[in-house]
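One chain follows as structure tokens, the form predicted on its own.
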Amino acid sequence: MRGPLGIFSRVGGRQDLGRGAAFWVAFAIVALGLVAFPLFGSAFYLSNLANFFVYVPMGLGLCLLWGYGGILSFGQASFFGISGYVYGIVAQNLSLTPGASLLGVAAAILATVIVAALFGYFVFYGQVSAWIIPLLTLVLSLILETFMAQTAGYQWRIGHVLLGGYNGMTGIPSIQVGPLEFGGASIALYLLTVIAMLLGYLGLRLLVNSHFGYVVVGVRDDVERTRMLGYNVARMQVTVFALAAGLAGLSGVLYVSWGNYINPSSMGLYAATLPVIWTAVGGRSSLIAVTLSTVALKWLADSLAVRGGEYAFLIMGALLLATMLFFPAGIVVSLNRLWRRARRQAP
């Protein structure tokens, strides 16, 4: 089926939870509620919610890569950091140029996708074993964190922008379109993060229910059979890897526009682990589950951090362990299965 009806039927396809009218009515109500929230929400809550929503594209990218593509990556934080730093460098150096921040956004995401495509080319065309890929992506994050932490001197500058070492890069301008600035506690940034989250979810849902998405799942389930059917498996894997990196890059740009700051810890071990926890706890086979878990766990981590960062790290680890032991498919996905089973068994 082609045209608008074909697109709607594909978005509502089988490759995710929630396919009935009730789900889409609830989705529309939540989406409208999020858009209308600035009418009665304070600047404090707008800023906090924007900070939570910033990370959803990165979580969705890992869901696509790991849940649908079968490739576990600890490198999403590295792409988040690359994008944030590139945006900061370009936007600050071109601060007197009209549209500097938009050029920064384009350069940041493009640079992130290129780095990911090059990395993926050597990994997937080299047919690196699946269990080694998580280690390689983790090493990439740790190398970038270590390198950026050593850039504290005045000699470490690009143009007139200091990289800042472990203290980080400061003074990064927010995204600006004409007189409209997308930064801090602004309504504009909040709505931008909401739009990025909703379009990211709907766009990926459309993708995974397309022919391309079914081939990606076929690669996950049986690489050799998919290759025998005539598909270029390595190219598919590189494409998905680069797309997931681009989504992480989008999160990186939104984050620096929100906080006007980035430092090497954004690519460290803890940062590299968080997207994996969000995806595993919600359920890596479902985009909506990962969206919910990313927002919920980011809120939980920030709430715990107020009482001490060690509690956040400990509880996140415990939550991941409990998920692996009792809800291996993810908490949201497992609860959905139990609910559907109970409905079928009800008289």
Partner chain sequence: MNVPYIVSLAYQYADNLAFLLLAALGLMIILGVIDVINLAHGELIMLGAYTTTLAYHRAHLPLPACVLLSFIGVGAFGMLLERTVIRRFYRDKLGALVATWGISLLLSQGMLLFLGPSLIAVPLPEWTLSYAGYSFGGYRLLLFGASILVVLLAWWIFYRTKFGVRTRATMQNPAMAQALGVDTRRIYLYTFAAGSALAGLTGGLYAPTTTIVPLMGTTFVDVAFITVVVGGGANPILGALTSSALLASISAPLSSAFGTFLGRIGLLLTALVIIRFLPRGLSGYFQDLQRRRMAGARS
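It should be emphasised that the depicted structure is a prediction, and the values quoted were computed from it without experimental measurement. Residue numbers count along the first chain shown, from 1.
The form predicted together with the partner chain is left out here; the points below concern that form.
- Here the marked residues Y121, F147 and M324 all reach the partner chain in the predicted complex, each with a heavy atom within 4.5 angstroms.
- Contact with the partner chain in the predicted complex, judged as any non-hydrogen atom within 4.5 angstroms, is confined among 229 to 237, 102 to 110, 85 to 93, 126 to 134 to 126 to 134.
- Looking at A318, you'd find a heavy atom of it within 4.5 angstroms of the partner chain in the predicted complex.
- In the predicted complex, G70 approaches the partner chain with a heavy atom inside 4.5 Å.
- A residue is said to contact a partner when one of its heavy atoms sits within 4.5 Å of a partner heavy atom; F313 meets this definition for the partner chain in the predicted complex.
- The shortest heavy atom separation between V177 and the partner chain in the predicted complex exceeds 4.5 Å.
- Between the partner chain and the residues I195, I143, I114, I187, the one pair within 4.5 Å by heavy atoms in the predicted complex involves I143.
- Along 259 to 298, residues L269, T273, V276, I277, A280 each place a heavy atom within 4.5 Å of the partner chain in the predicted complex.
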